[in-house]
Structures are given as structure tokens and as C-alpha cells.
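Next up: the same protein chain in two forms, each one alone, written as C-alpha cells (structure 1, then structure 2).
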Structure 1
Amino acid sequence: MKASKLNKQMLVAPYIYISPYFILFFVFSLYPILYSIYISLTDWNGSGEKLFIGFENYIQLFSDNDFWLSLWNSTLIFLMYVPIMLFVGLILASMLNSNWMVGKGFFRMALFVPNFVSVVAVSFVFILLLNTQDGLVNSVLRSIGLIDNPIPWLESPWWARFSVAMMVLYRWLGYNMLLLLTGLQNISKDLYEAAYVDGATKIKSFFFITIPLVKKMLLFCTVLSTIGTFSLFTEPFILTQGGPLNSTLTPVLMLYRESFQNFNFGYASSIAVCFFILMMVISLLQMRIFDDKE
């Protein structure tokens, strides 16, 4: 009898130990997701009764030009900075991984510091730097003769997108550089030595050894950058308020407007659900494209 009771306790004990994780997951992750899906099927302003309307919010969303514009803006911003960030980050990581580099610790810290600084503070600094009339950037460009008329960094749709992209590049270059550096440190030095013996230059070694062997880390950075770009909120919110002409409107900024400015929580929840599905599909496609089965 005692042996049977002990066996039951041994069977139950592991589930008791792991139960806190599942309880927290259900309360703070699964339940909010399911509740958000339910809210997306209703017409609700945050108070009062929720009116069930089925898929009307989704039908309205797919015919909303602002939603498609927000996805287009995020795609453009992604293309403006992610390829540059990954390529420059990989070059910097290769330099910091080399034997001839001096002061590696200092440069790692210096490149990673922007990631620690408050994004709100960085946004206000960029507003001062990119001011059309008195900003430092236009003043420097004018003084060296590159421009005659000031560039409307935050007033022109394309320049506003470029400004947001450059701010995100400044903030996340060091972070991605460290991730790529981690991948480079797992590559055997013997491969570079063998390539050097065979007559390969450093540039050829970079393109034919470094890039292929760090492909998985590049994929990881690309997926993170994709999710991060489409989730941009603070940068466009402070820099441009989503303008001009909604040129820097992002899905998350649109979600914020619908929920906390228009109090249309049902419609905002439909944006959140579609955004989640879209990010999952894009991430899976990226992993499929870069899948290495060798």
C-alpha cells in the first residue's frame, strides 16, 4: 500500500514542479491571446457591453488603406536599414574577431552603448539633429557644400521614413554586431588558414567562408529585425507622430491610435491578431528560405 502511494507521489511530483510555468503561461500569455481574439469579434469601446459582430472588424481591416499603408511603410523602413545593418555589423564583427584588432573591449562597449540609452531620449536628440532650419545635420551638410537648401528630414514622407530607419540603425547596429560576433567565434581559424594557403584573399574568405558559416546567425538577426521593424512604435511616435501623410505609420502605431485614441478596442484587437499571424508567417518563410539541410 505504501509502495503504491509512493509511486503515485513520484508520478505527480514532476507535474507539480513544472506547474508554475504553465500557470503563468496561461494567465499572462495564453489567456490574453484568446481574449484578444474574442475582443476582435466584437464592437467594444472599453466600457459597457461587448456587441458580437463576427468578422466585421477583419472585413473592415482588409479594406482599410491605412493598414496596408502601415505594412508598406514598415517594409520600406526594413529595406532601408536591415541590409546595411547586417552587412556593416558583420564587417565590424569580423574586425573585432581578428587578431590584429586593438582595444576590442572598448569598441564592443562603444558600439553596444546605444542599445542601453533610452529610446525616448534618443528620439528627442534626433529631433534636434534633424530640425530642418537649425538642425546640426543640415548645418554641417550646408557648410561643406553638399546641399544648398535644407533637407526636410521629418517633413517629407520619404525623408521621414529614412530618418526613422537611420535612428533604428543607430540603436540596433551594435546589438546585431555582438550576435554576429558570437557566430564568428564558433568558426574554426583553421578554415581561414587553409584558404590563405590556397591563395584566397581576405575579401574572398569573407564572402566564401564567413558569410556561409554565419548564415544561421544572419537568419536569426533577420527574423528579429523583421519583427522589430513591423513592431516599431516609440521612434515614429516621437519623431513624426506617424506622419507626414501617414508615411511613418506602423501597424503597432495604428493599433495604438485605434485603441487609446479612438477607443475602438474590437478593431484594434483585429489589428493585433492579424499582425501576430503576419509576423509568424513571415518568420516561417524566412526560416524556410534560409533553411540549411546539409
Structure 2
Amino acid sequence: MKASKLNKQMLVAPYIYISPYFILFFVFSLYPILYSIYISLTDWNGSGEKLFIGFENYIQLFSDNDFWLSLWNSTLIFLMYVPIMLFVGLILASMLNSNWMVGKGFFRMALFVPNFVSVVAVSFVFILLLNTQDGLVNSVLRSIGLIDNPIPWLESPWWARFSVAMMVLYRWLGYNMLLLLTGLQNISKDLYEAAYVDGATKIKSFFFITIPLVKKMLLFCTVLSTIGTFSLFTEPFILTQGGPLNSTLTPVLMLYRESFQNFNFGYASSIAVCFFILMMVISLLQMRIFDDKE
């Protein structure tokens, strides 16, 4: 009698345990995303009647230069920081992985700090540092004679993209370095030893042992950075508001503008749906990459 009661409990318990997640998931994630698809087929300002207009929003979106520009900006920002981040990250990680490095704990933390410090706070510090007239960066560059005229860090399209990219680099270098470090720790030290005995220099072993063996981790970091770059919001929102001339407009920033500043909820939803599809494709790609190798 008692045993069967316990048995029954064992059958029911897991469903009770997973139900909070699924209830919340349905209400706050699945239903909204489906609703989003519906809203994207309407003309709606958020409070009045929804006017069904079919694929009108999508047609408009695909001929909207700002939309393509936002994707292009993200791509440019990605190209500006990801190669540097992975290369420098890997060099720093292999230093932290060596036996002879001193102060490992301190350096690891120092590099990781920007990752958990509030992005809003850091963005405002960057605004101060990068101010064209009286920012610290320009005055230091000028006083050591590197530049004659101040660099318009946040005021010209290319420099603004570069500044956003550098801020993203600032935030994510340490995190990626830690991921690469875990990759390195899986490489047997014997390999380096053998290479050393064979007379390979450190630089040679870096290019011929380290890089090939952390390829998978590098790829993983690249995928994470792709997702991260296309979802950028806070950095450009605070540093440049997407400007100048929309040069730092990102898909999420455009979504925010259309919805919560212009109240084009229908149009904004078509951006949201495209963004969702883009993220889904990248995630599926990521899963495939990792299934293949394992």
C-alpha cells in the first residue's frame, strides 16, 4: 500500500518539478514569440486597433536601408574586434597556462573584471574618455605627439563603429580568454615538451601546436561573438544612440527605436521576427558544429 503510494508520487513529482519552468516559458516566452509573429502582420501602435496588413511590414523592412545598415554595422563591428579578441585572448591564455608566469590569479581577475561590471556604467566612462575635445584619450594621444587633431571617436561614422567595437572588446576579451584557457588546459604538456626537445621555438609551438588544438574552442568563441554582436544594444545605445548617421545602429537598437520610441509595434515586430530567425539559424549552426566534433 505504502509502496504504491510512493510509486505514484514518483510518477507525478517530476511533472510538478518542471511545471514552474514550463508555465513561465509558455506565458513569457513561447506565447509572446507567437504573438510577435501575429503582430508583425498588422499595423499597430500598441494601444489602438490592430489592422491586418499581411506581409506589408516585411516588404517595407526588406526595402528599408536602415535595416540592412544595422546588419552591416554589426558585421563591421564584429570584424573589428573578433580577430583581435581571439588572437590576443589566445596569446594571453597561453601565458596564463604556462608554468613560469607570475601573478596568474591577479591577471586572470584583472582581465575578467570588465565582463561583470555594469555595461551602463562602463559606457558612461567611455563617453568621458572618448570625448573629442576634452576626453582623456585624445589629450594623452596629443600630449605624446601621436596626433595633431583630436580624433572624433564618437562623432564620425567609422570611428564610432570602432569605439563601439573597442568597448565590446574591452568587455569580452577576458571572458574569451578564460574559455580559451580551458581549451589549452586540455592540451597535453608532453606535446610542448617534445616540440621543445626538437628545437621548436615558443612562437613555432604557438602556431603549430596551440592554434590547431584549440580550433574548436576558437570556433565556439566565434559563434558566441556572432550572437553577441547581432544582439548588441546597451553599448551603442548609450555611447552613440546608434549614430552618427546610424553608423552604430544594430538590429536590437532598431527594434527598440521602432517599438518604444516610434510606437510602430507592427513594424518593430517584423524586425523581432527576423532577429529571432537569425538567432535561431546561428544557434542551430552552433549545435551542428558541436555535435559533429563530439
Partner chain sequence: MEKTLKLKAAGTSGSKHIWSSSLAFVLMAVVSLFTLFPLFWLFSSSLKDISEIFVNPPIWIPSTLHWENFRELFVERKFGIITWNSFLLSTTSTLIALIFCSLAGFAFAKYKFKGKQFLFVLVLASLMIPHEATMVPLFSIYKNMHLIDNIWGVILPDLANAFGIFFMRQYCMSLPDEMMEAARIDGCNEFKIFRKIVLPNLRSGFAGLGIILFVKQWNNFLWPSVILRSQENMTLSVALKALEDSNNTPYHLIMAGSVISVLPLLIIVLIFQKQLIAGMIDGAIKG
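Here the structure is a predicted model, which is why all the values come from computation and not from measurement. Structure 1 provides the reference sequence; residues are numbered from 1 along it. Take the two forms, superpose them, and find the largest set of C-alpha atoms that agree within 1.5 Å; that set is the rigid core.
In this pair, the copy labelled structure 2 belongs to the form predicted in complex with the partner chain. Superposition of the core reveals a Cα shift of less than 2 Å for G145 between structure 1 and structure 2. Once both forms are overlaid on the rigid core, the distance between the two CA positions of W68 between structure 1 and structure 2 is under 2 angstroms. With the core superposed, S29 shows a C-alpha displacement of at least 2 Å between structure 1 and structure 2. Note on D198: its Cα is shifted 2.5 Å between structure 1 and structure 2, core used for superposition.
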